[in-house]
Ligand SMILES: C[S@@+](CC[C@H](N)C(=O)[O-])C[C@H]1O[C@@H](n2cnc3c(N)ncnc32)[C@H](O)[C@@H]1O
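The chain below stands alone and is given in structure tokens; this is the form predicted alone.
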Amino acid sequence: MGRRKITDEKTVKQIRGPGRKAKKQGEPTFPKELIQTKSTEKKKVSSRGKQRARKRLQKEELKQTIKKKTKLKTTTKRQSDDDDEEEQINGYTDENQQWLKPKKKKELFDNNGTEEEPMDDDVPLNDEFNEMESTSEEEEDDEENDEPKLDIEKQSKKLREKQRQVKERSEQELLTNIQQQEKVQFPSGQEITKEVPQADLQLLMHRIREVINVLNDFKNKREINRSRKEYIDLLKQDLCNYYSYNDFLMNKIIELFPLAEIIDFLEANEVQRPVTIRTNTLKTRRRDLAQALINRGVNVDPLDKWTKVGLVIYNSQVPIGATPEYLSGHYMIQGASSFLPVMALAPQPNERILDMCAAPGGKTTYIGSLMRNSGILVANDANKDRAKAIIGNTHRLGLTNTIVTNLDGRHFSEHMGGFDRCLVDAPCSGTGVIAKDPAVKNCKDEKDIQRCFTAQRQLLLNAIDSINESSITGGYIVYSTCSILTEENEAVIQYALNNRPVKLVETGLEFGVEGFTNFKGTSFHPLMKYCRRYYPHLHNLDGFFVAKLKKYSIKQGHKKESETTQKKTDQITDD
């Protein structure tokens, strides 16, 4: 049998109430501020809530006026059935009644506690009523959760409103200025001459941009009696005054670049290119060199993806040309654009290679490191003093396969030949390195350019003659200049194509602007697109030109032609 259930009252434990001490304690007391009942509580109304209430009152009054006017309409229609003209009061119709819904009114009190007075009987327009209707639902949703705002919230709201107004004003002013400046007033010749000695650079730049804007939309923005040539002449004169160029060089720049790039190119020439160094792979690796320079307080980074040996230096606590790493030949201070012709040449080990214009030896030592001190490398320069720099750099960087010569490159093929590859970094006008040498802006003229390209033609023809066209691995010539002018670049290559058995091939460089196949009415070889151009404002490099040629056979009579052309060019240079 199971256990017996205990039902005795004596056995059941009695539940006791609060003790004596608890009975003596009184009820808890609260401050008067917390004892306010719901009936006495008054909800504070914010300024935003008051605005919403005003709008609701306006809408209610508007509905009543519409209803009255619709009633008048119906009565007038019944009285005058014969009249076809229907008068609409303030543009409202009976369709408005479908979307007009009555809404609850709430009492609204001002700060003084007085009830808000109703608005006037003036009826707003349809668009205002529509705006009030569209915003009413959102306002009612927000009103339930509306709470009194802090001072900082009110201030931020005012600040945002001011910023919005300022932005609207500035946009409006900009639109008005654009409308006023659609047609630029062309200054007279006297005004131009007056402004030249006392030119305000800011006003001058403003006029340059205005003229470029007119030339971009010449049909609509020009003055009626002004030709395009007059605007270009004004632009050229202003650019010469602003950037301190002579007329000849500025005319070449305007012909070379589109109007949108002229200012970018000229501004890039006013800024120095970053300092770059090339790692000597015969003695160290780029990673080890970077770590060593960082330990000495040099801020250094890899140059770019297209080179595996270049480093860019932002700032340094020690002189870059006097570190132990530099003196021991771990790197060479060299511009990034100077890497490109050697990369296009692509020298191979155990080849015979000629560097015709080698001083001071940056490209020569790069070629030697790629050859891994094998084969024969001839470094030539016509200037004996500059040839000493080649000797110093080859010793410092540890090259053992280099022969330094001091011969005139225009007659080099008479002394030596049979090379697999040749690099011709020809002396030029320097129009691509204006940031390094600002004197180029004023000192170059047409005769200087003519002297340069005649010497460049002679150097390139002799380089081609010194190449062995039957070479298994080579037969290539790379021509490069630090100039941007077509007379020194595409025109020289075209001259070599017309007078020697060579053809243009791809340089193998991953980036760069293609060479010109047509320029100002002059047509060049279609394969001139294989050449590569580099500009300061596009690639952050010095202005450079690189072309690669392949020699394929020897034609009879070329030696006689070369002798006659050399005599003619010698006469031109002597004159």
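All values reported here derive from a predicted model rather than from experimental measurement. For every residue, the number given is its place in the sequence shown, counted from 1.
Keep in mind the form predicted together with the ligand is missing from the figure; the text below concerns it.
Colleague: I'd like to know if residue 409 sits close to the ligand in the predicted bound form, meaning any non-hydrogen atom pair within 4.5 angstroms.
Modeller: It does: once the ligand is placed as it appears in the predicted bound form, residue 409 has a heavy atom within 4.5 Å of it.
Colleague: My question is simply whether residue 485 lines the interface with the ligand in the predicted bound form - judged by any non-hydrogen atom within 4.5 Å.
Modeller: The answer is no: residue 485 has no heavy atom within 4.5 Å of the ligand.
Colleague: Is it the case that residue 398, even though its partner is missing from this view, gets within 4.5 Å of the ligand in the predicted bound form, heavy atoms only?
Modeller: Looking in the predicted bound form, residue contacts with the ligand do not include residue 398, since no heavy atom lies within 4.5 Å.
Colleague: Counting only non-hydrogen atoms and a 4.5 angstroms cut-off, does residue 357 reach the ligand in the predicted bound form?
Modeller: Yes - in the predicted bound form, heavy atoms of residue 357 and the ligand come within 4.5 Å of each other.
Colleague: Within 4.5 Å, heavy atoms only, one stretch in 225-233, 369-377, 401-409, 277-285 touches the ligand in the predicted bound form. Which?
Modeller: The contacting stretch here is 401-409.
Colleague: Heavy atom within 4.5 Å of the ligand in the predicted bound form: which of 382, 313, 416, 204 fits that? Just give me the one.
Modeller: None of the others qualify; the residue that does is 382.
Colleague: Could you check which residue among 493, 502, 289, 459 gets a heavy atom within 4.5 Å of the ligand in the predicted bound form?
Modeller: Spelling it out, the residue with a heavy atom inside the cut-off is 459.
Colleague: For the heavy atom contacts within 4.5 Å of the ligand in the predicted bound form, list the residues of 425-459 involved, in sequence order.
Modeller: Heavy-atom contacts within 4.5 Å come from 425, 426, 427, 459.
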